[in-house]
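Given next are two forms of a protein chain, the same chain in both, each as structure tokens and marked structure 1 or structure 2.
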Structure 1
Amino acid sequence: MGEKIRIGFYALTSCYGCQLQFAMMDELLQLIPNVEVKCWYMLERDSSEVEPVDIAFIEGSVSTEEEVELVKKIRENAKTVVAVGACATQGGVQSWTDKPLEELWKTVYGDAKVKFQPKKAEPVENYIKVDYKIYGCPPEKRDFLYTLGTLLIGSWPEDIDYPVCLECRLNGNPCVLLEKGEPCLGPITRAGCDARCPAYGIACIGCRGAVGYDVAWFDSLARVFKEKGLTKEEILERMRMFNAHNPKLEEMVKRIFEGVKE
């Protein structure tokens, strides 16, 4: 065996659910002979120095000016950068609202003094080049193991380019959109979760993000939602939950309501 592969787990603004998902994986113990963990905030709070690594996993959204500098430093010191989870890949639920930052700040912190400079939450790729993404809130265990495994052997993981609806059909699930009339985002959401929520009759909320800016047809789904009685605001509110930074979302949804009185 050659030198150990150096990896780091870095956390930005998040609930730490992605790191917890990783920490509960017994399979990671098998990596000890071949991997050197240079940083993992959840397991070692003092690991604040950004050291050179072969693979950097970043979870959380960029929500402070300090985090902007942190991700840039991580990128400079990493051969491969992987954005992990909905916050890192899509900005997370904290980027859902379009309210002014000052109003959000007042709601959360009031007049308290803090040691950081806040900003609206954004995906990691808005500031640095991201080589690969692991989707979900939190990601599926198998997605992380697959990604790490392929990278460790010098290969490259394949991305998922089809929607949750395909998994629903493969599993024989009743369609919660067409049969129950629920506002399900399965038609535009990246698959990989085995359609877990629709399998239990729960409409997909899109936590894995849109299947692609040029593939996800927000306007077609918005038309179906509109026919079921949802207003433009209700549709945008639901679609923004995990797609607030999708550049085509607003335009495609509004197109359905042009010239239509609500």
Structure 2
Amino acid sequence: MGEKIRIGFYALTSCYGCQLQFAMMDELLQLIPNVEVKCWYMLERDSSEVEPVDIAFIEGSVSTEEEVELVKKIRENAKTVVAVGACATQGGVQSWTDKPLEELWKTVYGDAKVKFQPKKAEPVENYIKVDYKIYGCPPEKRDFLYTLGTLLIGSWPEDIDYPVCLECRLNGNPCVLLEKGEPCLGPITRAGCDARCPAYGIACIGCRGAVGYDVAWFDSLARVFKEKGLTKEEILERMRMFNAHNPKLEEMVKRIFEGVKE
């Protein structure tokens, strides 16, 4: 094998769960001899955020002015940038609010000042070009394996373009939406989790983000929202937990609700 692939794992503002998931893969032991880890502060003291890498994994939302500079530096030094998880791809749950930054600050910190500059949380691609995305809060281990595997053989990871419902139906779970009438976001959320939560009888909270909105075949299930007495506002608020920065969200939910025949 030729030169080792250089990778970096960088954290912006987040819960560190994506890195933890990555670190928890037993397969990591097989990866270690084949890569050179240039930056991974969570596990490695000898890390640098400015060393050139082949693949940069970025976790977290851009939430301070300092992090704006950091993502630009990472982009300059990386051949491929992968945004990892709900914070990096969608701004994360810290974006689930309409309140202005000043109000949030005042609520939590009062009149006190801190020497660093906070911002409203944003996805990484608002500041730099992102080549690939890994979705989920947290992403599944197999998301990492698939992404790394394809990139290491010179291919690339493809986006999933079908909803959680597909996996849920294949697994034969009782339908949380149809049978319990709970606001399960499975019909409009990107699959890849093997319908993890509905398998436990828990309504999907949409942590992998909205599936591309022009995927039409799931509309019939999504329309059940209205039949079950769930309002457009309710579904929109729930979808915003993990899709606050998705400009097409409102249009998507509106279309679903308008599609219902009275």
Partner chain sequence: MKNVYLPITVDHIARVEGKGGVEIVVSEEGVKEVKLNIIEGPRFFEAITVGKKLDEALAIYPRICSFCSAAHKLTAVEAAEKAVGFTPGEEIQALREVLYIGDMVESHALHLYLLVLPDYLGYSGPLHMVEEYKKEIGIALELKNLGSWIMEVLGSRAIHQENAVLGGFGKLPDKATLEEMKRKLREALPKAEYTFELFTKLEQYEEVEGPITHLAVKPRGNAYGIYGDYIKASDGNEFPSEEYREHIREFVVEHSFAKHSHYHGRPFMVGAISRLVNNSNLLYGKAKELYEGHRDLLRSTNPFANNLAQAIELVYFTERAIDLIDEALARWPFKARDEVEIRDGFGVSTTEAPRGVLVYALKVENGRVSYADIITPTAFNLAMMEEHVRMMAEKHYNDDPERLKLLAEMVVRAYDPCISCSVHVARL
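Please note that residue numbering is based on structure 1, beginning with 1 at the start of its sequence. Since this is a predicted model, take the numbers as computed values, not measurements. Definition used throughout: the rigid core is the maximal C-alpha set that superposes within 1.5 Å between two forms.
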Just one question: which structure is the form predicted alone? 1
C-alpha of K129 moved at least 2 Å between structures 1 and 2 on rigid core: no
Flag for L101, CA shift 2 Å or larger between structures 1 and 2 after aligning core: no
For L170, state whether the C-alpha moves by 2 Å or more between structures 1 and 2 after rigid core superposition. no
Check the Cα of E250 between structures 1 and 2 on a core superposition and give its shift in Å. 3.5
With the core held fixed, A112 moves its Cα between structures 1 and 2 by a number of Å equal to 4.5
